[in-house]
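Below you'll find only one chain, the form predicted alone, shown as structure tokens.
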């Protein structure tokens, strides 16, 4: 097919339709989620009550209902879901991204849009592999990456028991407990037989590396992950920076594993909201420049939480090929900001980034998050291809498919050099 702006108007319309269909039908790798397969027992979250008690909706609902914070959190999950349903879907129109997403899930899976009982009956709270695959297929997700914390005993017990991981789920080894609260991690690591000291003396660095090696053999992660506050710096004299230099980065080099950095979260600005109480802050990207320059063979996946940091991240990626920007994380995962960020990245980087991840904590959220993201990504790409066609360049279906597959799937796997 030839798509040139110099031809009849129908050609432009057909180009847009072609891009939309290719983006809609291309299977994605969701490279950062908090999901688990059914083999992980209660850690696997699905069903209407979990969909409704997602922390996005909890924070929004507190702007409507009059429950005291503790009184709400003292309710069981079912009753919390009913409070949120009443607040956001009965007493108000579900206009927010997260609230409207619940209706997208309901429509896709065949539930009555205005009926909580129908939603509960349609979405499976006790999901098996068949339901998991149904939801992933409805979202167009071929494979996804979990977030796996070896110091979370609820999860570790499954790994130690030889859990069978669904073949469409891949592990990512999370470092937050080790690097962001090493004093607390020391007690756990010592109990597990690792000779570590809070002051980093003795064999601490070697033992932390041994801990990572042991868990890499169990999990087979596709990358390591760390979430940090806006004040993150490197290199400095902090315990975290020393552990990165002496243990984590040497381990990554030996294992040829990328390190994913998620930068900009400010924890518990409102502690009464509990898991919904985190916020964002402006960060410096200079530490990322230093990491990329000091470790040119190390690959870094990076996402930033503040809107104001997005341009600096894209510019930094232009300077360092070992840096891969990914996704629109958390508070910037709304349609208008996904559009803005994706356009800016495409203009600065071409198709050499990972436009989105879901960050989903509840299985069915894959449906609305990828529905919304595909819609935005298709619109951005269609505009860019129309601009190409206006120059007289011949744009073909094969070219579009190649670029979309890179963005939604291959860029991630090529960068992590796994699978």
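On a predicted model such as this, the values are computed, not experimentally measured, just so you know. Residue numbers count along the first chain shown, from 1.
Although not depicted, the form predicted together with a small molecule is the subject of the following passage.
Under a 4.5 Å heavy atom criterion, is residue 34 part of the interface with the small molecule in the predicted bound form? Although the small molecule is absent here, residue 34 would touch it in the predicted bound form, with heavy atoms inside 4.5 Å.
Could you confirm whether residue 361 comes within 4.5 Å of the small molecule in the predicted bound form, counting heavy atoms only? Residue-level check for residue 361: yes, a contact with the small molecule.
Verify the contact flag for residue 345: yes if a non-hydrogen atom of it lies within 4.5 Å of a non-hydrogen atom of the small molecule in the predicted bound form, no if not. Flag for residue 345 set to no.
Check whether residue 87 has any heavy atom within 4.5 Å of a heavy atom of the small molecule in the predicted bound form, and answer yes or no. No.
In the predicted bound form, the residue from 283, 144, 262, 314 that sits within 4.5 Å of the small molecule by heavy atoms: Of the listed residues, the single hit is 262.
Which one, 91, 154, 318, 267, lies within 4.5 Å of the small molecule in the predicted bound form by heavy atoms? So the residue touching the small molecule in the predicted bound form, by this definition, is 267.
In the predicted bound form, which of 189 to 197, 322 to 330, 114 to 122, 76 to 84 comes within 4.5 Å of the small molecule (heavy atoms)? Of the options, only 322 to 330 has residues within 4.5 Å of the partner.
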